[in-house]
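First, one chain by itself in structure tokens, the form predicted on its own.
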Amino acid sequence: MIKVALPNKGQLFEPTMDILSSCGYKVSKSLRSLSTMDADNQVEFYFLRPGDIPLYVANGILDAGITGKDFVAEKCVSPTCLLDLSYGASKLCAAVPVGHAAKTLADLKGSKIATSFPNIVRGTLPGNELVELEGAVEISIKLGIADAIVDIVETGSTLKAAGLRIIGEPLFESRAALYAHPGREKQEEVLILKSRIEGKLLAQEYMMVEYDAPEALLKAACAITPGIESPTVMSLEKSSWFSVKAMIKKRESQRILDSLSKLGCKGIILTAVDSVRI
């Protein structure tokens, strides 16, 4: 039985629940629940603040967890990153009022900066007074306790609504990731968790194509769809005709269908892939 930390709220919560459910895990959160057991898969899930998850995993209290890379960097700990995930993309950016004179990050030197990520800011914008806040950072300037802010930006709409604008390059770029306590990444249940999630992510890149091809075109058709190792080829009841099945890259799928059709293949079918192991 392994113990796995999951974000209890925020932009990481829903996609994390979705991907785990699609991987066959029984995971659900009621209003008051802090944990849930999946006995069939030998996993106990704990719902925690995303910013606390790095500490629980790095210190070995829990075996693994899913959280943002920004939270790991902020806690200055080093759990083992097993897998980058396909969601939770965000940037840690500096922002000032629209009418502020600052144009670059260097222009903020000596400013009072409000942020929920003081460690990252100290490392990237030294020489500033920091106001450490738990949330609602964008309101701090209006309330007169800061000259600028550094906060997580997804779309920028919240900053715009607060009359702020981003300056300079992002201080940190983040996304969700699967972590394990160092030394526990080889536990069977952790390996299975990683493999299942990896299979779902890989499936987003592939599709399955099936088609019929006459013997005279078979070699050329298989060259268009070589598959992972090789395509599956089966003879049809109709003499000198074959059924071919192969995995193809999703981004190339329409071009491949065009090529097969032009070549003279028939009954071409393209289907989505739910999960893969390569």
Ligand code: PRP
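Bear in mind the structure is a predicted one, so any value in this text is a computation, not a measurement. Each residue number is its position in the shown sequence, starting from 1.
What comes next is about the form predicted in complex with this ligand, which is not displayed.
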- Could you work out which of E129, E154, E188, E169 is the residue within 4.5 angstroms of this ligand in the model of the complex, going by heavy atoms? E154
- Message: Exactly one residue in R255, K262, K266, K9 has a non-hydrogen atom within 4.5 Å of this ligand in the model of the complex; which is it?
- Response: K9
- Testing 77-85, 97-105, 155-163, 201-209 against this ligand in the model of the complex with a 4.5 Å heavy atom criterion leaves exactly one stretch, namely 155-163
- Item | Interface membership of D147, this ligand in the model of the complex, 4.5 Å heavy atom rule | no
